[in-house]
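Take a look at this one chain, the form predicted alone, written out in structure tokens.
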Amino acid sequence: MRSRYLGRDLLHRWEGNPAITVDDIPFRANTVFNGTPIETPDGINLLLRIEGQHGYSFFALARSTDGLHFKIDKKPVMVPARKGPFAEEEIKGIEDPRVTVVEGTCYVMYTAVGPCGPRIALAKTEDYVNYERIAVISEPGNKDGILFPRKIKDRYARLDRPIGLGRGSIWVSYSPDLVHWGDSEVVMAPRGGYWDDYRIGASVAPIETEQGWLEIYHGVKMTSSGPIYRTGVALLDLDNPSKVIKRGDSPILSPREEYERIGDVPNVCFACGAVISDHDEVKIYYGAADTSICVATCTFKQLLEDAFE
């Protein structure tokens, strides 16, 4: 039987996209993108990356009761440190927050951009407005850090994307205390000739299933007119996440709409978080062209089965 997804993306774009643009921000800004979702008793919050008109990025909070229509707080909730031990590491901004709740605590991994390049940093929050910085936890040249939602063999685990020889692969690392990390292993590398043949990086906090850790990731293909960012899936072993059980051959979301094709960075669908409802609907939040935040949906069954066809 011919698949009704043939020739189209697996994910369904919300008809109200883009969900958040710079026109929704209640203070002066250049653009908004790559917001990570936080589930709360009142609905869905999005921790937004906003680039100010001065050129560096910081975080603001958007709130929603339905996960689609958002209202943004009037002031940023986290800005680059200007004094103390984190000031030098964040002098060029803070970028791309990724939220994971581990043992009841809401942690945020983010990119601290300093004079030596990007590094992964970690903070935590109790109210989504005030953030306590914990540590800078990677060497320069590393981004896309995401915590697993539980310990693996009594250690915290994370995915990240260090750059080596100009290529970006997904790695896994482990820690006893969230500060000191090691035992790093490569998980997945770019695939020559595929849609993700240039760079890949973790996008969504790994989702635990009976079959393994479901990871929604981004892949980049370089073309003569520049990079194209798409979204794909992989399934990782529950006890050894460096072992890939299977990996989708095709992306589940590609830039097609005008708001994904035109912007500060064109041709970008950059997933940055997912929420699963009681009815197995999955809302995936993604940055479009580094200029807005959008929502796409599917069922959990489609992610686990159809995405790997």
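Because the structure is a prediction, the values reported are computed rather than measured. Heads up: residue numbers just count along the shown sequence, starting at 1.
There is another form of the same protein, the form predicted in complex with a small molecule; it is not shown, and what comes next is about it.
- In the model of the complex, the small molecule lies within 4.5 Å of some heavy atom of residue 270.
- Contact annotation for residue 265: at least one heavy atom lies within 4.5 Å of the small molecule in the model of the complex.
- At least one heavy atom of residue 290 is located within 4.5 Å of the small molecule in the model of the complex.
- Mapping the unseen interface onto this chain, residue 143 counts among the residues with a heavy atom inside 4.5 Å of the small molecule in the model of the complex.
- Screening 243 to 251, 274 to 282, 60 to 68, 32 to 40 for residues having heavy atoms within 4.5 Å of the small molecule in the model of the complex returns a single hit, 32 to 40.
- Proximity to the small molecule in the model of the complex, defined as a heavy atom within 4.5 Å, singles out one entry of 215, 90, 160, 96, which is 96.
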